[in-house]
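Single chain ahead, by itself, as structure tokens, in the form predicted on its own.
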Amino acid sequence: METAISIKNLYKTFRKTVALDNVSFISKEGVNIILGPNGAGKSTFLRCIIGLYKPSSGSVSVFGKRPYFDDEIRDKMSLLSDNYALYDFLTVKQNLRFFGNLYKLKDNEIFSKSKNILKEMDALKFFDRKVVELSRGTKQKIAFCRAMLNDPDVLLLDEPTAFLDASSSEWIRNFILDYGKKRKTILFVTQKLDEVSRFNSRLIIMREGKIVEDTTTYYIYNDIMKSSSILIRFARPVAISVLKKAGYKFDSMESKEVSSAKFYINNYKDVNSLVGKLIKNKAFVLGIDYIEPLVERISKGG
């Protein structure tokens, strides 16, 4: 399969504001994670790729075509934007039928495919409801379903798990991983380090309209978790004396017993060591929450 996306020296400006500054990028098959803070240019990047925005200069090519000028290439692409992009006063069924017909899909194919996806996300019960009546999370599920109707070769996802419950978020992540194995190209945009840590894939870090890192998700564990912290939750209260025996610095608001504590670690390997020592001292660990550093600070030069 040829390289799906090829971008050279892409600039995108809005009047005097530079949204993308000399961005060059070649996609890899499978999942490509794009991480960056608000205002990094991530959403603009996706919109240039799918052809919603015309580059101010530079070039965007998808399978050798220019999406802004060549409409037919969009049949092979799909975008889940940060706005769910559905018609509020149509039902879910009517929305999916409308968008599926744009891809020249037959109604029975549209409904069969969409019902399978919605059932997996526990949203099939809303099939005949108007979109305006739905919660933001449910709208996100419908929008994801819409994005998959044409079985795209290039799938562009802007915060696809936003507003979703944990179960639906996990289903979408697993779906994306499986979909990438079908020789598809996926760009997954996020500003959450916790989201990145759930993939083993290429990682692009953007800041201020530029790509500042082109690495892998292992970078998150190997470098970013240096001198970081985690919150450990316990199934039942643990004495402060037990926490001290673990040998790691910690913060706690209590003086005798705690139900959770913030520990400071040097690297990701310390997590196993710390938990092991707590368990050895009769603590019952219920869960571990990684406390994210500010994504704005992420880059090897930052």
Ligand code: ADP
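Note that residue numbering follows the sequence shown and begins at 1. As the structure is a computational prediction, the values presented were derived from the model and not from experiment.
Omitted from view is the form predicted together with adenosine-5'-diphosphate, to which the following refers.
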Open item on the list: Only one of Gly58, Pro37, Gly51, Gly30 gets a heavy atom within 4.5 Å of adenosine-5'-diphosphate in the model of the complex. Which one?
Closed with: Pro37
- [ ] Could you confirm whether Ser24 comes within 4.5 Å of adenosine-5'-diphosphate in the model of the complex, counting heavy atoms only?
- [x] no
Open item on the list: Even though the partner isn't displayed, in the model of the complex is Ala19 close enough to adenosine-5'-diphosphate, meaning a heavy atom within 4.5 Å?
Closed with: yes
Task: Ser252 within 4.5 Å of adenosine-5'-diphosphate in the model of the complex, heavy atoms - done: no
Open item on the list: Would you classify Ser260 as touching adenosine-5'-diphosphate in the model of the complex, given a 4.5 Å non-hydrogen atom cut-off?
Closed with: no
Task: Option from 230-238, 38-46, 263-271, 243-251 whose residues, in the model of the complex, bring a heavy atom within 4.5 Å of adenosine-5'-diphosphate - done: 38-46
